[in-house]
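As structure tokens, one chain now follows by itself in the form predicted on its own.
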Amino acid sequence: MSESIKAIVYHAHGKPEEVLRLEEQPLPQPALDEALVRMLAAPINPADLNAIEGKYPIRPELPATPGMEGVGVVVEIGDRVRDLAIGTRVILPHNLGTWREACVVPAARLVAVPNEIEPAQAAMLKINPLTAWRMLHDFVALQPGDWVIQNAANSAAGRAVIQISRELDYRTVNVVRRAELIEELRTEGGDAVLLDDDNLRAATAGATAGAPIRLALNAVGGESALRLAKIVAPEATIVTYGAMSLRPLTLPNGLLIFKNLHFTGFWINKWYDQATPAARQEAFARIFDFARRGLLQSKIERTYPLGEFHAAVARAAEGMRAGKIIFRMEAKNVGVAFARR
């Protein structure tokens, strides 16, 4: 009997709880330059749900398996693979579909991750921490002691900004919509945690003693983004990487004319595709170092097996969670079979 794996699949776009199915598929076989990877863990990100609904900029060919992020272990390699050993824990490419028990991947597209990093944490390092790292380095030449302001500071990317900034000695103004988040983010290292309301400008000036802020990170849009634009210094850069409010960025002409603000966007998928392997490795090396030392941790509310995907995606779509929702894979037979070959 041929061996099989389980994978979550959708054949049409729609509500995740309606279109997702758990299906059995043949165990894939690696080509000469590929590796067979047994999945260990994969998070459910908002972009994953958007892709299932057909609302994401990139639409895979259907039927498709969701999941833009995940970690696994190499259990077999093709004859031409030289720089990747069986047993290596690896981060998967973002366009693969990680909600499955196993997959084959071109070996050159895999990123080896230290085994000291717990699998669920390793599974979440590629999107939000890497987004935070790149936004803190690619747009403004920050120096120790400089201030950064961000909205949606309680998001996974926002928390990564706090953690990385703390280690690099940048100071953060963290804007949130709920008062109960203020003490929580202060405990995690946020220098100032303020409510996203009409008093934000004055509160920021008080918290920073009027220091200029040259970099703002916007994941919300609408009125929240406008408040950031009014706060930052002339010539500052505002990087938009999300649109949680589903409202466009609308600005008075004066902010452009008299403050000469610079507006740009960032999408980690595009950076990842355009970066050289050396650039990706360099960025991951710093992220791995932080994670290994416990300086970069994503909050996890609960883990689910693939078979409980209905409950998992329903919870991931809800607001006010205590952390990420993660799939944990238990395909113990995958890899054992190859050990016998």
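Just so it is clear, the model here is predicted, and its values are computed rather than measured. Each residue number is its position in the shown sequence, starting from 1.
There is another form of the same protein, the form predicted together with a small molecule; it is not shown, and what comes next is about it.
To test your reading of this chain, name the stretch in 219 to 227, 198 to 206, 75 to 83, 166 to 174 whose heavy atoms come within 4.5 Å of the small molecule in the predicted bound form. Flagged stretch: 219 to 227.
- Contact residue in the predicted bound form, chosen from A47, I287, V313, L36 - any heavy atom within 4.5 Å of the small molecule: It is A47.
> Which of L194, A236, V148, I268 has a heavy atom within 4.5 Å of the small molecule in the predicted bound form?
Replying inline: When the small molecule is considered in the predicted bound form, the option within 4.5 Å is I268.
Is there a non-hydrogen atom of I162 within 4.5 angstroms of a non-hydrogen atom of the small molecule in the predicted bound form?
-> Contact check for I162: no, nothing within 4.5 Å of the small molecule in the predicted bound form.
Is there a heavy atom of V232 no more than 4.5 Å from a heavy atom of the small molecule in the predicted bound form? Contact check for V232: no, nothing within 4.5 Å of the small molecule in the predicted bound form.
inquiry  = Please tell me whether any heavy atom belonging to S245 falls inside 4.5 Å of a heavy atom of the small molecule, as the geometry stands in the predicted bound form.
reply    = Judged by the heavy-atom cut-off of 4.5 Å, S245 is in contact with the small molecule in the predicted bound form.
How about Q121 - does it come within 4.5 Å of the small molecule in the predicted bound form, if we only consider non-hydrogen atoms? No.
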